[in-house]
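Below you will find one chain, with nothing else, as structure tokens; this is the form predicted alone, and questions on how it binds or moves follow later.
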């Protein structure tokens, strides 16, 4: 049975989403954000986009990837090279080029999709680390340990707030549509049982390739915007294992497999990362590890599960029958 458009996207949800995007779009003028806050929110938009895209693979399909830094870094370096080779080219075209190359790279990792569970995760660690080493020594492309520098454009850095917001809005809408569509049901069937999904005609190979490609492409576009934002990138940062761990943490903190949980997780991650890097630069990854263990043990759905648990008493209170009037 096919779903009609109002069933996939309820009008109230669409209006609320549009209102939220508009509010964020005018926030820099209405609230008068400081440069620090403006930059922090821009970074949050980019990380939200990456976390949502990672969730398509790790949450909807159930294939936990520790190699998405490869697509993030590749998208960033391809976009940077395009901008350096053709400075007159509009930056969005360079970002899209980086995303397309990252998506094709994700398709090249097709053999790893034959694995499931921890075996797939271990394979993606190998892919990510191999990519980091290859691109670190490919100095003609990445500049090696010296990295690449882009022309500093303060106006572009300021405008990236709205480019990041647009990307986040598109990816969030895509997450909602995927989850509520027939494709989302097929992905959940693959996540639950690959063999059973195949028995009812769901091609696990095709849909995993499709989602991995789309996820890698979006993460690659995020990497391209990241390169334009910082005007300097180097392989160990863009392809680093902690980058891949970051995508996993953002989604787990917010709620793996939920539609908008990664949004909450990415916001908390960015704010917490800024604080920990400033206060405990040598310990922040270890503290993230403790946070991850705590969430897995006590609240597998992360912040989304916590909010749902806290809302139950309120819903029960709201739904309780009214007391009968006294005579």
Partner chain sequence: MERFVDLAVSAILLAGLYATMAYGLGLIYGVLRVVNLAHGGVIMAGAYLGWVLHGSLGIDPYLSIPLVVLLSFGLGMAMYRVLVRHLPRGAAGGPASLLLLFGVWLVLRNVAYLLFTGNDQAIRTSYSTRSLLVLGTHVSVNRLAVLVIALVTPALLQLLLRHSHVGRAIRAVAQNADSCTLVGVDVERIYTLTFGIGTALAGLAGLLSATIFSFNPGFGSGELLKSFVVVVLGGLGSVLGTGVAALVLAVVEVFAILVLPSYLTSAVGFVMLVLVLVFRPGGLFGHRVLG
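Only a predicted model underlies this, so the values are computations on that prediction, with no experimental measurement involved. Numbering follows the first chain given and starts at 1.
What comes next is about the form predicted together with the partner chain, which does not appear here.
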Going by heavy atoms within 4.5 Å, which of 130-138, 181-189, 160-168, 96-104 lines up against the partner chain in the model of the complex? 130-138
Considering non-hydrogen atoms and a 4.5 Å limit, which listed residue (225, 218, 238, 252) is close to the partner chain in the model of the complex? 252
Heavy atom within 4.5 Å of the partner chain in the model of the complex - residue from 125, 196, 152, 86: 125
Using a 4.5 Å heavy atom cut-off, state whether residue 31 contacts the partner chain in the model of the complex. no
Against the partner chain in the model of the complex, would residue 206 count as a contact residue? Criterion: heavy atoms within 4.5 Å. no
Would residue 177 count as a contact of the partner chain in the model of the complex, using a 4.5 angstroms cut-off between non-hydrogen atoms? no
Considering only heavy atoms, tell me if residue 232 and the partner chain come within 4.5 Å of each other in the model of the complex. no
Given the partner chain in the model of the complex, answer whether the residues 39, 271 and 299 all have a heavy atom inside 4.5 Å of it. no
Using a 4.5 Å cut-off on any heavy atom, which residues of 91-121 would contact the partner chain in the model of the complex? 111, 112, 114, 115, 118, 119, 121
